[in-house]
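This document opens with one chain alone, in structure tokens, the form predicted alone.
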């Protein structure tokens, strides 16, 4: 199977984007024996801090050198200082000091990524949108899955990820504000695709491939009704051509789970922290659907 490069995006924060990236990535590595690379592009560095303890992370990315910031800084200065082998973090260190999930690799982020948007306008659009491909394209081929954890916006860093990806995955909390944001996101990706199609590799057409519902609560009708609205909106977007017919709402929905929240402070994916929890079970089931979807595509 060729590598699948997927951008996890939503310009609304608090939708479970990082939790989705970390836990799908960990489950792919542990249960499906896939080689997975998580690329953290968010200055908040949540995926990085989740999978690395804060002191180790701070030491590793000191001054931004061994982080994804260096990729963009190199592009801005015409340098080639980014070193993949020095930057990549392999596996997850557990409480005992044992390294688990050896197939799960991470390119960590650094807060210096905040500087990128101030200067990236100095580069012309085609160059901007090819930054990740140019720096990481050959390395992507070494993995079964590459998961790009994007900032909660549609600025240049996120656009770069979208244009480097085979498809976009949208983590989603079922409420009205998320619904309106999804429609805007689909429109923006459509406009970007049309405007910059000449600069894309052959056959790559960025689009939303899947929507994942997180923080789902079964009590009452609020979330069920919101998911019904989401399904209707997805059908409408497909009818207007803003979404491809093959775009899907993946199930199961990820239920609200305290164990998932706790796992962040333990710097472990939930499948390692609380493998018997409903969160771990939901991510296991969802990851199977994830594999079924992306490995059935030609």
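None of these values were measured; they are calculated from a predicted model. Residue numbers count along the first chain shown, from 1.
A second form of this protein, the form predicted together with a small molecule, is not displayed here; the remarks below concern that form.
Contact check at 4.5 Å (heavy atoms) against the small molecule in the predicted bound form: all three of 12, 44 and 214 pass. Proximity to the small molecule in the predicted bound form, defined as a heavy atom within 4.5 Å, holds among 30, 255, 267, 60 only for 255. A single residue from the set 137, 91, 126, 152 has any heavy atom within 4.5 angstroms of the small molecule in the predicted bound form; that residue is 152.
Only one of 61 to 69, 225 to 233, 238 to 246, 259 to 267 places residue heavy atoms within 4.5 angstroms of the small molecule in the predicted bound form, namely 259 to 267.
In the predicted bound form, the small molecule stays beyond 4.5 Å of every heavy atom belonging to residue 24. Heavy atoms of residue 286 never reach within 4.5 Å of the small molecule in the predicted bound form, leaving it off the interface.
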